[in-house]
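Here's a solo chain for you in structure tokens, the form predicted on its own.
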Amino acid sequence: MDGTLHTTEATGTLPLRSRWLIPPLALRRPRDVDEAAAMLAEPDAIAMAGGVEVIAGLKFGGPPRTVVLLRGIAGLDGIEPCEGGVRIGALATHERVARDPLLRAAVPGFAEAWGSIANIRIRHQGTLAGCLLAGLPQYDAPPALAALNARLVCRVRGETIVAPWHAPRGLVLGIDMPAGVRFAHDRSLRPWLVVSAAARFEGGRVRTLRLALGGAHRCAVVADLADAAELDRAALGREAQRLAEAWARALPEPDHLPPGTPGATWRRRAAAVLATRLITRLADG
């Protein structure tokens, strides 16, 4: 699955989307991860897990594709402990992520936040990995995984490697989430702005605080808030607005402004408001 199935570039008119526009395709069903990785090495191949983005993208038409259906591969839908945290399998649905007790304990706030994204149909069908690999700026996964500094576990040429959250390679097997980090997430009323925050506390004080912004840039923008280090929870709550506004002022100029959506000034203000809420939430524990 990649970001080439459909585009977020606006041309002034709405693109036509219909199941009648789905091009001819070959559906392949690998039996294991190595077979799937080999199939995905073909130039026109795309992976399909839940299929939410793949099917939506194919409805815009385009060249014939080879769809590699991953559902039949055992062991990719689990959520289990890994070194330093929890691994979310590439086939784990949003709903499974939202309900998993291991993830709730290891990364407080993440599962709870994930239960509010999209609608019930998409939560039961779509996957966290698919949300990331869709490559759409307005989606929740990029800023969430950026704030947490998550890692991707990938299968490439018969080897399993670990890659940064923004650099998938080969077949993505799962996402490694760090344990002991508190998470909070919010978005504007429309999918124009998404903000995620992640903080690590030690002895009641902030060890690290990271904010990530999605929806205004083609790739999520992430920053560590050095000024928050060593603040206790009460001080963090008091300083939430100042920290958020300083972060928002330093944001780069948006490079994703579809026609009809708010401009850079509104986005900075909205980002500061959302970030203030999130920092306050983290401070309250």
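All values derive from a computational prediction rather than experimental measurement. The numbering used is simple: start at 1 and walk along the sequence shown.
The following text describes the form predicted together with a small molecule, which does not appear among the structures shown.
Joint contact, Glu112, Leu145 and Ala184 to the small molecule in the predicted bound form, by non-hydrogen atom at 4.5 Å
No, none of the three is in contact.
Going by heavy atom distances of 4.5 angstroms or less, which of Ala212, Leu171, Leu193, Val97 would be at the interface with the small molecule in the predicted bound form?
The residue from Ala212, Leu171, Leu193, Val97 that makes the contact is Leu171.
Here the chain is shown alone; which of Met39, Ala223, Met48, Leu243 has a heavy atom within 4.5 Å of the small molecule in the predicted bound form?
Result of the distance check: Met48.
Heavy atoms within 4.5 Å of the small molecule in the predicted bound form: which of the stretches 104-112, 195-203, 80-88, 124-132 has them?
Contact-bearing stretch, as computed: 124-132.
For Asp176, is any heavy atom within 4.5 Å of the small molecule in the predicted bound form, or not?
So Asp176 does not count as contacting the small molecule.
Residue-level contact is defined here as any heavy atom of the residue lying within 4.5 Å of the small molecule in the predicted bound form; does Leu251 satisfy this criterion?
Contact check for Leu251: no, nothing within 4.5 Å of the small molecule in the predicted bound form.
So, Tyr139 and the small molecule: in the predicted bound form, are they within 4.5 Å at any heavy atom pair?
Within the cut-off, so yes.
Determine whether any heavy atom of Ile117 comes within 4.5 Å of a heavy atom of the small molecule in the predicted bound form, and answer yes or no.
Taking the distances in the predicted bound form, the answer for Ile117 is yes, it comes within 4.5 Å of the small molecule.
Classify the change in Cα distance between Gly263 and Ser188 in the predicted bound form as closer or farther, relative to the shown form (magnitude of 3 Å or more).
Relative to the shown form, the pair is farther apart.
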